[in-house]
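Have a look below at one chain only, the form predicted on its own, in structure tokens format.
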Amino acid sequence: MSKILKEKLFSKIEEWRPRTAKLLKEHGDTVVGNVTIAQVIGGMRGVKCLTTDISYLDPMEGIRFRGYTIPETLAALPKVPGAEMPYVEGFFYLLLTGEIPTEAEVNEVADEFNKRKHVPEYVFTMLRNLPEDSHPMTMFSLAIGAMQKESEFAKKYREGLNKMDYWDPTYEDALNLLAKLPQVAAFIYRLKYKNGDIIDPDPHLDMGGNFAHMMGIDKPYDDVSRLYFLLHSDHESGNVSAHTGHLVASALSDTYYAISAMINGLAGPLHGLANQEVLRWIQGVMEQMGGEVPTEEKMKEFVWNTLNSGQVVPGFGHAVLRKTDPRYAAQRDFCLKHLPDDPIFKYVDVLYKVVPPILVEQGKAKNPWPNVDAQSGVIQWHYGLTEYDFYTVLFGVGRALGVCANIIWDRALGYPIERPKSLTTAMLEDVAGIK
């Protein structure tokens, strides 16, 4: 079995460990920021207390993967032959090593994924035995948790393992799990929505192409999958899904436990469900307007009425970004090329043109520009994936790439168990001078 990616990763780990050790030993008491009572009560928003080198959310450039913006990432990574989008496997190489892989390196990783993608039959048996009305995210989380018995880390830890080597079986778990997720996700979709008509994986296809094949959706949905998994892979460490994965793994729970927990966090309406909520809202707008694509003036009137009634326009605004989300822009470019006449996209296009100026005029939004959720559901619907509840499973497959990369590096650098300190309300009142 080829070791190119693993050997490259180990060399990176050995280079990085002294940097972390020096920061702790020589600069551990350096003050990074001050925490306010509002941050203590308000979900720790903005508190600088996590470390990741996998991705960074730049307020002006959007998410950077290992320093590369999304346009730079899409342009630099090797493309699947005959496709517009890069290999997901090559993107994972970038997340792990910080380097753009060569064609040979991408092919090696793709082969490695193919060798590992066999899903144990007991997973499918379990899924078939769940109640028919089980939510797809519940099924996805349970399937991942069920495979925990396969964990190399759990096995090696029981046998006795040097702390400096924790990353090694964690790496094995990550690749084993990531290789299987597309088939598990596609199986859930076909079982639940296509009368159990399962499509077997194709051993000759890359991760994105094989997922589209198993979903039973023709080209260019393979490129949709590659783009979707890449764009949703990581978003710093502070969002609920990424933070949950880090938190659970910090207890030395293996990758299967951590990613199953990550999926549970992603399932929340304030996190991973946003794309389906936006699409549902747009379809409601279409119904109110009789399905006719409105002029910009008519849409402006509708948006103002929405805002003046105390409602919001979903899909616009972001806690950090101060420009159009590059993830939105990448999907918009795809839509303009492949589905410019799609009726839902036409509504999205008009909203893109009229909403930001209105939000600026209203003066309440720090960022009036669209985020990724304003676009992603539209593409899925266009290609026949109309089951809202499944959208977050797609999100989960992509997000696992970034979280797995983070967990491997957490173990490599010996990050400790996460354990923030709580204060009572009375203590906060004392700090505030309230008697």
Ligand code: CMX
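Here the structure is a predicted model, which is why all the values come from computation and not from measurement. The first residue of the shown sequence is 1; numbering continues from there. Basically, rigid core = biggest C-alpha set you can superpose within 1.5 Å across the two forms.
Just so you know, the form predicted in complex with the ligand exists too; it's not on screen, but the next bit is about it.
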| query | finding |
| --- | --- |
| Heavy atom within 4.5 Å of the ligand in the predicted complex - residue from Leu96, Ala274, Leu181, Met214 | Ala274 |
| Contact residue in the predicted complex, from Arg128, Arg280, His118, Lys364 (heavy atom within 4.5 Å of the ligand) | Lys364 |
| Distance check, Arg45 to the ligand in the predicted complex, heavy atom within 4.5 Å | yes |
| 4.5 angstroms heavy atom contact with the ligand in the predicted complex for Asp373 | yes |
| In the predicted complex, Pro86 touching the ligand (heavy atom, 4.5 Å) | no |
| Gln311 within 4.5 Å of the ligand in the predicted complex, heavy atoms | yes |
| In the predicted complex, segment of 335-343, 266-274, 106-114, 244-252 with a heavy atom within 4.5 Å of the ligand | 266-274 |
| Residues in 310-336 close to the ligand in the predicted complex, defined by a heavy atom within 4.5 Å, in order | Gln311, Val312, Val313, Pro314, Gly315, Phe316, Gly317, His318, Ala319 |
| C-alpha of Asn367 moved at least 2 Å between this form and the one not shown on rigid core | yes |
| Is_shifted Val312 between this form and the one not shown (CA, 2 Å cut-off, rigid core) | yes |
| Post core alignment: Val355 C-alpha displaced by 2 Å or more between this form and the one not shown | yes |
